[in-house]
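Taking the form predicted on its own, here's one chain by itself in structure tokens.
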């Protein structure tokens, strides 16, 4: 289907965690609309396969978002094709802890905060520095949160706290960089049918719990989130910054999922 959005021809984009799932889906959409897309992640084989899926003009760079020198190099690589950086989707993240707060192991909690919040901080810090130097044309940054960062999902304290931190971090950056033409927004996906969530979306008590609290009564698709990121990254949203956009079928209107269902 032809895009209803303006062309992104001549724009350069960086997608962290772009080798699979929402990152890959978003990279495909940005490339389809004309952007030169660079994806980054820690696994070269996965990135190479993803670039082949994205198509002509796509590039990759191996980088760990929690290592500042590596994400700095990724930002520089993404700007090489056009001499500037226009779009960044700070998507990399994950959870290394699930369970009660009282049973949480420090290292698992710390690692979850590191890959989500610290990784996003380093990504938008380096991207924002480059984009601010492009003032007044700036650029657009989109952070990746989650419904779990907006309202409690039982037994996801580290992940939820890290995602909530991303939302506030992006608001601070939006306020600070607005005068340079740099916009910073956030998406808050609900449960998405991708490889990461396949054990849940395949069925069971936790999926039932999710669906009972989603007014639109279905699991989301990668393309649902990619379309929201595409909007926030493009000229159609040129007067939107500091916003957190739920892409969750209305899940935020009810209550968070109870991950205790996995242990029943």
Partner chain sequence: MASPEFGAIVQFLRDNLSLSDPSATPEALREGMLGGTDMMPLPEGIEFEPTSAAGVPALWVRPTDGRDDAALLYLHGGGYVIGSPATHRGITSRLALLLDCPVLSLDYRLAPEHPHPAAVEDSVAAYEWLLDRGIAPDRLAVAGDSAGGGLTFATLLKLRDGGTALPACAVGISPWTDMQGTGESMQRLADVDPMVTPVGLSRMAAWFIGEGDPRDPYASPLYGDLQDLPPLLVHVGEVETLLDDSVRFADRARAAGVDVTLEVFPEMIHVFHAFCGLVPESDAACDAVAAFMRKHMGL
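Residue numbers count along the first chain shown, from 1. Please read these numbers as outputs of a predicted model, since none were measured by experiment.
What comes next is about the form predicted in complex with its partner chain, which does not appear here.
*Asks:* Non-hydrogen atoms within 4.5 angstroms of its partner chain in the predicted bound form: do 133, 176 and 180 all have one?
*Replies:* Yes, each of 133, 176 and 180 comes within 4.5 Å of its partner chain in the predicted bound form.
*Asks:* Of the listed stretches (101-109, 143-151, 156-164, 118-126), which one has a non-hydrogen atom within 4.5 Å of its partner chain in the predicted bound form?
*Replies:* Of the options given, it is 118-126.
*Asks:* Consider residue 68 of the chain shown here, and say whether it contacts its partner chain in the predicted bound form, taking contact as heavy atoms within 4.5 Å.
*Replies:* It does: once its partner chain is placed as it appears in the predicted bound form, residue 68 has a heavy atom within 4.5 Å of it.
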